[in-house]
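Quick heads-up: it's one chain on its own, the form predicted on its own, in C-alpha cells.
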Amino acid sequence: MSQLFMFEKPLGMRDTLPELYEKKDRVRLSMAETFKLWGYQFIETPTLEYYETVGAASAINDAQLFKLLDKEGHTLVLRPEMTTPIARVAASKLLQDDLPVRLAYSANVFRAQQREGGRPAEFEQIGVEYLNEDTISCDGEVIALLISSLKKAGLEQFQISIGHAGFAQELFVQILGTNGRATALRKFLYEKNYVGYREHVQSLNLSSIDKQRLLKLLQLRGGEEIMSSAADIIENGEGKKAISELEELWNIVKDYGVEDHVKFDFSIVSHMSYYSGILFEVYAGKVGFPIGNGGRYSLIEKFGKKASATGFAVRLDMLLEALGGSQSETDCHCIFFSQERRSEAFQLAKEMREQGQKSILQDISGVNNLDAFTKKFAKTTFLIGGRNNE
C-alpha cells in the first residue's frame, strides 16, 4: 500500500460519515415519501452507460465525463445526471401505450472536476420526471411537488425562480440575428455575471433601443406584474408564447397555494441544451448556488420517441447545507451489560426493537471511556451485576 495515498481520495470524491449519512437519509426518505404520495414511482438505472448513447445525449460537457473502456473496447461513462438515462429507459420500455408516466429517482451522479474547482465529483440527486405530457398543468405539478417535498424535508426559507428557455433565446435572435452571436450573453447569464453581461451589451454595435431591450432583461424579476414589462421588449413569436405559458403557470401555482415560494426571472438560462420551455431554479438562504433545478425538455426525441417531459433534480449535499446544522438523532437507547446479565440485556433490546425503538447492546467490558460513550445516546440502561440503573 502506498503511504502517499493511504488516506487520500480521488479528486472530488468524499467520504460520508455516520452523522451526515443519517441526516441525508432522513431528508431522502422524507422527500421520497412525498413523491410517492403524489403518484411517482421510483426507478433505478445503471451507474455505467454507453458513451455513444447516454454520454453523447447528455448536455454535460464532455470534459466532465468519467470514461472507461469495457472488454469489447466500447467507451462507457459514469452517469453524469439522471434525466438522460431515464429518457433512454422511457423511450425503449415505458411509453409504448402513449400515456403520461411519473417517475422518481435518488442516485449518485459523477462529473469530473478541475483541480482548482473544489467541487464534488460525485453527488446525489433526488428528483422526478413527468413524461409524455406537454400541458402547463404538468409543469405546475412538478413545481408544486418540488415545494411540497422541500417543506417536508424541513426547509422553510427558499424560493423557486421560474423562467422560460424560449424567451431569452427569442429576444437574442430578434436583436442579434443568430444564436451564435448570443453565446457570450448566454454564458454571462448562466454564470449570473450581470456586470459582464451589461459590459458586453454596451460593447455591441447596436442601436440604443436594442441595447436597452437587452439590458431590461435583467430587470424582469418578480411576480405576475412583470409580464407586461416582458411583453414590452419582445416582438411577436416564441417570446409572446413564452409569456403566455408563464401567465398560465402562475394561475396553476396559485391554485396549488404555493405562490409565496415562486418568483419569475426571465434572465434564467441553462447550460443544459435540451431544455425547451419553462425552466426553474431553487434557491435557499444559506447556499450561494441553486440547490436544485428543472424544467421542460425534449431529450426523449434523441432516443427515437417523440415525447415532451418535465422534471426536477435536487442536490442532496446542497439541500443539507441549506438545512444547516441540525442535531443528529439522539433517540437511540444504549444497554450496557455485564456477562452475568447478558441474556436479560438481549431480551430487553429485542422487546424495544419490536416496539420500533432503536437500541444498542454494549458489553461494558469493551468500553474504555464510559463517560464519552454514554454522551452519544439519549438514554442508557446498565444491566450489571445485581442492579439495574438507567
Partner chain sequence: MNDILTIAMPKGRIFEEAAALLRKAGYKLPPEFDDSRKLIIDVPEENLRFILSKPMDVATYVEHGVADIGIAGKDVLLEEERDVYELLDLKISGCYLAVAGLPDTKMNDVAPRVATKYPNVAEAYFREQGEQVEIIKLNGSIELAPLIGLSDRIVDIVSTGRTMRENGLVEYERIVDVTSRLIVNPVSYRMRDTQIDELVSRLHEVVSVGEL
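Computed from a predicted model, the values in this text were never measured in an experiment. Rigid core (definition): largest C-alpha set, two forms, superposition within 1.5 Å. Positions refer to the first chain, counted from 1.
One more form of this protein should be noted, the form predicted together with its partner chain, which is absent from this view; the next part is about it.
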item: Heavy atom within 4.5 Å of its partner chain in the model of the complex - the one residue of E141, D317, E170, E281 that qualifies; value: E281
item: Listed residue (N132, S276, S267, N293) with a non-hydrogen atom within 4.5 angstroms of its partner chain in the model of the complex; value: S267
item: Site check Y51, L69 and K93: each within 4.5 Å of its partner chain in the model of the complex by heavy atom; value: no
item: Which of 284-292, 143-151, 300-308, 78-86 sits within 4.5 Å of its partner chain in the model of the complex, heavy atom basis; value: 284-292
item: Its partner chain contact in the model of the complex: S229, any heavy atom under 4.5 Å; value: no
item: Non-hydrogen atom contact N193 with its partner chain in the model of the complex at 4.5 angstroms; value: yes
item: Its partner chain contact in the model of the complex: N108, any heavy atom under 4.5 Å; value: no
item: Its partner chain contact in the model of the complex: Q157, any heavy atom under 4.5 Å; value: yes
item: In the model of the complex, residues of 240-264 near its partner chain [heavy atom within 4.5 Å]; value: K263
item: Yes/no, L99 Cα shift of 2 Å or more between this form and the one not shown with rigid core fixed; value: no
item: Core-superposed C-alpha of I126 shifting 2 Å or more between this form and the one not shown; value: no
item: Per-residue C-alpha change between this form and the one not shown, W250, threshold 2 Å, rigid core fit; value: no
